[in-house]
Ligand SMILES: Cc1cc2nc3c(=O)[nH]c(=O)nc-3n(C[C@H](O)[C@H](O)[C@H](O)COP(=O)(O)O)c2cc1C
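Only one chain comes next, encoded as structure tokens, the form predicted on its own.
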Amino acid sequence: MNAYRSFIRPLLFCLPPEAAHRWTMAALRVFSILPFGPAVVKFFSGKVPHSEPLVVSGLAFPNPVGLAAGLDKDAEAVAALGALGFGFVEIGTLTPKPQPGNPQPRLFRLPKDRGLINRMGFNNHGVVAAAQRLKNRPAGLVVGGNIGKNKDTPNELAAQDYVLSLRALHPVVDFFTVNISSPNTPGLRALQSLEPLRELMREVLEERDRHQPRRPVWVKLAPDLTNEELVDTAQLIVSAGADGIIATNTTLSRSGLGTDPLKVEQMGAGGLSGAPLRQRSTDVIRVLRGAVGPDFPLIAVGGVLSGQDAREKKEAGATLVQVYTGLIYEGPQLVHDCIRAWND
């Protein structure tokens, strides 16, 4: 029996989504801070399935399953999250200045579709506070920093925000994710256009190369680009000298949902994640693999709610896989299921 689905999820789903998130993060923070907290989490999560380490972008990952950005925006619970069995944990999205994000309510469940809609808007306490917390990160856990721009920073100055965050996080993370694909910061997705992206990557990678050791830089793309746009964007990312692509962020599409359309309309704007994104995210991985060749790292995220979903991403060409919404619906057992299915 899955204790999470039987007992914990029903309790959490009695709360508004953002309140449930706050309670969950508060518990994970406590387990991260207590001396034996991570060991307790590890004990109750069970033995992590065996996995051969993978070397991706020059980093050694103990297993291929990671936590996507968005759950631990401020790097408050990295130790407890790592104890769940993740091969890597991505924190953020972080911005140079703290910002409150969009007005609440801004997070909505679609239980019938096993999905979420969010318009959080990069709410975070700022990159400096997160970097300070990460000075005490657990040894041996691969941690990535997802970075974005502040809402009030115009796109022509966006590179400055990414550079500032990269500089602050460089000593305390293992890789960076350049987030240009969230639908919840006005104008952000315009940075996926070829000329703005070329200039952004030039400045970010020049800053990266000023620091040692060298940190891989991955770029996170939207699922709403056309296949032709994906190919052009991916080839630019490769030629610019980035180290990988994460696919995908949330989608603006509402097609194929089983939830009452009126309820979905009342939820309003935001990115959709979870099971409804599974097929498009997998298709994007397949398109990208064809565009970048067999060896360039592709990290799949979107609609992974079972081990079979993770296996599907691998078969489409993914190098690693990440989960987030699936964790909300399926609980920590999903991590083990994904590791097992990936390696079968």
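All figures in this text were calculated on a predicted structure; none of them were measured in a lab. Counting begins at 1, following the sequence as shown.
Just so it is clear, the following notes concern the form predicted in complex with this ligand, a form of the same protein that is not shown.
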Response to the item:
As a check of understanding, the residue in Gly274, Gly85, Gly244, Pro96 with any heavy atom within 4.5 Å of this ligand in the model of the complex should be identified as Gly274
Discussion item. Just to be sure I understand the contacts: of Val204, Met267, Met120, Leu197, which is the one whose heavy atoms reach within 4.5 angstroms of this ligand in the model of the complex?
Written reply: Met120
Practice prompt. Would you please decide whether Ala310 lies within 4.5 angstroms of this ligand in the model of the complex, comparing each non-hydrogen atom pair?
Written response: no
Discussion item. Contact with this ligand in the model of the complex for Leu107, defined as at least one heavy atom pair within 4.5 Å: yes or no?
Written reply: yes
Worksheet entry | Contact label in the model of the complex: Ser165 to this ligand, heavy atom within 4.5 Å | no
Worksheet item: With the partner left out of view, is Leu116 within 4.5 angstroms of this ligand in the model of the complex by any non-hydrogen atom?
Response: yes
Discussion item. If contact means a heavy atom within 4.5 Å, which one of 224 to 232, 153 to 161, 208 to 216, 87 to 95 is the stretch that engages this ligand in the model of the complex?
Written reply: 87 to 95
Worksheet item: Going by this ligand in the model of the complex, which residues of 68 to 94 come within 4.5 Å of it through any heavy atom?
Response: Ala68, Ala69, Gly70, Lys73, Gly92, Thr93
